[in-house]
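We begin with a single chain expressed as structure tokens, specifically the form predicted on its own.
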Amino acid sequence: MQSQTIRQPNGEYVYTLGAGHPPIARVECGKSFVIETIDAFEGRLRSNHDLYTARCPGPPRANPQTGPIYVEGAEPGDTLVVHIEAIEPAEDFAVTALIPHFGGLTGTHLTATLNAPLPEVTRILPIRDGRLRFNDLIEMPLAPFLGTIGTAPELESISSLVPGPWGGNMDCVETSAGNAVWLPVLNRGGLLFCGDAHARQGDGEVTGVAAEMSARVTLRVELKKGLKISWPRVESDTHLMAIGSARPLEDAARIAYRELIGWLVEDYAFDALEAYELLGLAGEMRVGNMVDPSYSMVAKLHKRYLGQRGSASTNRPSLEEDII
């Protein structure tokens, strides 16, 4: 049976995550479906001569979202688990850019300086044979993921550029095919939004722009009824991960590690301080973004340290077994 395909009606993408948008589709748990997303510039930059300030006039047009999608049976207080089955480029190129007053190494509207903005640049990145071409000398493998995935916040409509407890524009490479993203359900139906697919991205998205691409994304959702989480989580074959978003960056890291400790306590019978100590020895951390209105950090723990689910700590492997 062919999977349900969801696309934004009339190409009228949305730029906020909120319950005020009418659902564009309804999906059932356990059934795969395909979402068509457009790149972060709504397809307006298609050559090296197309500059953001000319093609994407204010108010800022970035991060168009496909959604919201209503998940049957989802109720506030549940957790929506989004299994990302595939992310495929919809076109044969991605695009990156330098945008005035945006990025990690330039003055911005939030980090105001007297310096002139960096020169504006657009770079088209051809995609072929599973690789991304930067220039005549440099190619790199595709590593696609969803820059933005989230549920509608409870009370507000939030810009699709902003990450938070609902998910949103986290720009974490961990939201990739094969992984499951856990999101809080804050409204009936969950109201899932997706967009901002990236062909690949360096840690921190330092320029503010990754390899932006339109995509066909295959998802499958499930519900954890009555499980209330405070921040997004990600699970892969190898790791448990939690994402925190805030400014300054160290507060995002604190949120992520605290959420991960809570997960270890809830599902794996750890004592909170025991989990804290373990993360001090085996925790991993990655910068999602250091450029958005809130920054995002990902805290990780390899599953080799979990032992049997709910078991006593004596059944978990020692760190000595994994020293390289």
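The first residue of the shown sequence is 1; numbering continues from there. On a predicted model such as this, the values are computed, not experimentally measured, just so you know.
Below, we refer to the form predicted together with another copy of the chain, which is not included among the displayed structures.
Each of T96, H109 and I255 is positioned with at least one heavy atom within 4.5 Å of another copy of the chain in the predicted complex. Contact annotation: another copy of the chain lies within 4.5 Å of heavy atoms from the stretch 209 to 217 in the predicted complex, the single such stretch among 234 to 242, 82 to 90, 67 to 75, 209 to 217. P119 is the sole member of P126, P119, G130, G226 with a non-hydrogen atom within 4.5 Å of another copy of the chain in the predicted complex.
Taking non-hydrogen atoms only, R61 approaches another copy of the chain to within 4.5 angstroms in the predicted complex.
Using a 4.5 angstroms threshold between heavy atoms, L279 counts as touching another copy of the chain in the predicted complex.
In the predicted complex, another copy of the chain sits beyond 4.5 Å of every heavy atom of S176.
For the chain shown alone, A180 is not a contact residue for another copy of the chain in the predicted complex, no non-hydrogen atom being within 4.5 angstroms. Residues of 143 to 172 placing a heavy atom within 4.5 Å of another copy of the chain in the predicted complex, in sequence order: E154, L155, E156, S157, I158, S159.
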